[in-house]
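Only one chain is shown below, in structure tokens, and it's the form predicted on its own.
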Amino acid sequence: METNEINAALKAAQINNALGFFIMAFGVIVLFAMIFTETFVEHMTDMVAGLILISIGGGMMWKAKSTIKKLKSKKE
């Protein structure tokens, strides 16, 4: 890969890392909001939605960090 392509992929991975952190933080907020619901269905809905968001955000961060590590080793 050329230097320009590596820099572009590195920038995209850094953006995905930040986006993954935001999605994960939003999932934690949804899980915290579960405390304020009244019915069992609302509890389960918030729990499932929060866990899905946390897993998506965590997966994005994990993939981005591995991509950043791989690209930085290629760059050097």
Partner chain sequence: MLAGIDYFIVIAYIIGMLLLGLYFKKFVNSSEDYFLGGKSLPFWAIGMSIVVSDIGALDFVGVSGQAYRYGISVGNFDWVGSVPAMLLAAFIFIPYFWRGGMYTIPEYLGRRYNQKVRTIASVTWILFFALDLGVLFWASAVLLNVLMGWPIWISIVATAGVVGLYTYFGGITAVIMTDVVQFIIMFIGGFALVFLSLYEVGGWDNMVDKIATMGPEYRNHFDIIQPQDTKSPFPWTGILFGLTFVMANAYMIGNQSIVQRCLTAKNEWHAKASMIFGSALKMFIPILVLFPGLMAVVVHPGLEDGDQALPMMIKSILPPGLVGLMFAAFFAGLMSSVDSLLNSTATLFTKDIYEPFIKKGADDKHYLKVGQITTLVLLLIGVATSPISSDFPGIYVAIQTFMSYFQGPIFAILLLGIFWKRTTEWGGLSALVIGIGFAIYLNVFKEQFFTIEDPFLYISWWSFLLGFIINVVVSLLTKKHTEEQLKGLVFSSKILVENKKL
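Residue numbers count along the first chain shown, from 1. All values reported here derive from a predicted model rather than from experimental measurement.
What comes next is about the form predicted in complex with the partner chain, which does not appear here.
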Taking any heavy atom pair closer than or equal to 4.5 Å as contact, tell me whether residue 63 reaches the partner chain in the model of the complex.
no
Does the 4.5 Å heavy atom contact test between residue 16 and the partner chain in the model of the complex come out positive?
yes
Scan 23-53 and note down the residues that get a heavy atom within 4.5 Å of the partner chain in the model of the complex; none is a fine answer too.
23, 26, 29, 30, 32, 33, 36, 37, 41, 42, 45, 46, 49, 52, 53
